[in-house]
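In what follows, one protein chain appears twice in different forms, each by itself as structure tokens: structure 1 and structure 2.
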Structure 1
């Protein structure tokens, strides 16, 4: 048996609250779980749609309950937070060059917000038609 004492770094359960960067990172990663749960709820809606109009209408009626409406609103807030933090991170992940010049970060971020607006508008038009 070794006489050396192994190094054990002490790390409490709230280590991520001590640094703003880590706090935002953990919140961002936590938002992924909410988005995943919301995706499963929507997939279940598609499953109910495949079972017929009556099953789908029952799912829609269940989704109109106050608890589910609150869940939808919270999911929207988490999704917006996740999107905004991702868009601000994107220029660091995408190193795009035009000729000899690097594309400015603001162009990449603006392009992503523009794409979000166009896709959201297309989805809204699709739902309203």
Structure 2
């Protein structure tokens, strides 16, 4: 008769607190929730815009309340954190070659930061002109 009695360990709801790598992973993924909430706020602004100038101005006015400004600052911080973690992971999903040499990971990461800078600058110019 077999004496086997394999023991299965349960992970439990707090598995991600037991290892700092896993904790950072959950924070990284959690930051995307903040971005989702921000996107809904922005989408609501677009919806108000579709209802006319008065509705949109009401939304803009609401957004300039201190509470909403704090919300936007927090969203910006989380978005930057999310971007940094995303950019650092990006080379793993890319297998780009130039001739017989693989493009170094640092080029891909730098490229992402470069693209972010160009798009941000373009956005800024659009707003200011």
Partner chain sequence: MTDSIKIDILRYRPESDNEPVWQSYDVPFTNEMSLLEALAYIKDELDPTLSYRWSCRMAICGSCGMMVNGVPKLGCKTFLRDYKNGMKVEALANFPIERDLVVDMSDFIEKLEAIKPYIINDNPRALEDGCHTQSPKQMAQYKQFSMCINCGLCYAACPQYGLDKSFTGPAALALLHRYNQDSRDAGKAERMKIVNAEEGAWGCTFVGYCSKVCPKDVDPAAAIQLGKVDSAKDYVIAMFKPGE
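Everything quoted here is computed from the prediction, not taken from an experiment. Take the two forms, superpose them, and find the largest set of C-alpha atoms that agree within 1.5 Å; that set is the rigid core. Residue numbers count along the first chain shown, from 1.
- In this pair, the copy labelled structure 2 belongs to the form predicted in complex with the partner chain.
- After superposition on the rigid core, the Cα atom of residue 106 is displaced by less than 2 Å between structure 1 and structure 2.
- Once the core is aligned between structure 1 and structure 2, the alpha carbon position of residue 12 differs by 3.9 Å; this is the C-alpha shift at that site.
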